[in-house]
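Only one chain comes next, encoded as structure tokens, the form predicted on its own.
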Amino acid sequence: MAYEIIVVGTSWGGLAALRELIRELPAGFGLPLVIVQHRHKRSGQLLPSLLQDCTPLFVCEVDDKAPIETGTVYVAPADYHLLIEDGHFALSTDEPVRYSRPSIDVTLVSAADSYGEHSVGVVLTGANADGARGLKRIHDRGGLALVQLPSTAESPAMPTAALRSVPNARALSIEQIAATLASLPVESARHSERR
């Protein structure tokens, strides 16, 4: 099975986990990687710059209607839900889900609905259950479900909830998740690559 998009969700403890994850990805990584991190609505654009320091891949905050391009790390903007449609993003100010906007579940569900078996969902450290429902949708649509091994997470509640929802998900360390992502077969791009 070849893949076209990866969504990574995290909350409490997420910055360190994300930095470790993307540091391990190769410069020629061939998939778009979408990050949904719970953060304060006035947190500004600090997160993309903190992640850019760790990787040669291009890191940016998502703009509404932006095309999805390969080899790019996308960060959901604070206080918006991030929806993944076929080939592009959409931002929404709908009500928070489980007190969160952006909601990891919202992004994972939209990725599953748009990309089905070509989607990858990853749930990392966090202190609530956001991501569990969305990861199940990824799994149910035939996509790949990965979860940070709870014993390695700064806050194990989120990965534990994800594993409860998707018992067949692969529970791995951050290093193992990165190696798995780097080894994924890539679907021939339906969408334009970043120039």
Partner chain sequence: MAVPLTPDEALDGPPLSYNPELERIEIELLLEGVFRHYGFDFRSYAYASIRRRLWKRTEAEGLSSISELQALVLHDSAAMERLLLDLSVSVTAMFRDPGFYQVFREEVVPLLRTYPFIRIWHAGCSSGEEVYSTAIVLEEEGLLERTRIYATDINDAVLQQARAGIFPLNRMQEYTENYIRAGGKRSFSEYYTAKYDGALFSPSLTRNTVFSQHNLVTDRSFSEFTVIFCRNVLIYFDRDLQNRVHTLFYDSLVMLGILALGSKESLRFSQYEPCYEKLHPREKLYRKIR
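The shown structure was predicted, so the numbers you read here are calculated from the model rather than taken from an experiment. Residue numbers count along the first chain shown, from 1.
In what follows, reference is made to the form predicted in complex with its partner chain, a form of this protein that is not presented.
Peer 1: Look at the stretches 49 to 57, 23 to 31, 162 to 170, 147 to 155 and give the one with heavy atoms within 4.5 Å of its partner chain in the predicted bound form.
Peer 2: Of the options, only 162 to 170 has residues within 4.5 Å of the partner.
Peer 1: Answer with yes or no whether residue 109 is in contact with its partner chain in the predicted bound form, where contact means some heavy atom within 4.5 Å.
Peer 2: It does: once its partner chain is placed as it appears in the predicted bound form, residue 109 has a heavy atom within 4.5 Å of it.
Peer 1: Can you tell me if residue 38 lies within 4.5 angstroms of its partner chain in the predicted bound form, counting non-hydrogen atoms only?
Peer 2: No, residue 38 is distant from the partner.
Peer 1: Using the partner position in the predicted bound form, report whether residue 118 sits within 4.5 Å of its partner chain, counting heavy atoms only.
Peer 2: It does not: once its partner chain is placed as it appears in the predicted bound form, residue 118 has no heavy atom within 4.5 Å of it.
Peer 1: Is residue 83 near its partner chain? Define near as a heavy atom within 4.5 Å, in the predicted bound form.
Peer 2: Although its partner chain is absent here, residue 83 would touch it in the predicted bound form, with heavy atoms inside 4.5 Å.
Peer 1: Which residues, if any, of 117 to 140 lie within 4.5 Å of its partner chain in the predicted bound form when only heavy atoms count?
Peer 2: Counting only heavy atoms within 4.5 Å of its partner chain in the predicted bound form, the contacting residues of 117 to 140 are 129, 132, 133, 137, 140.
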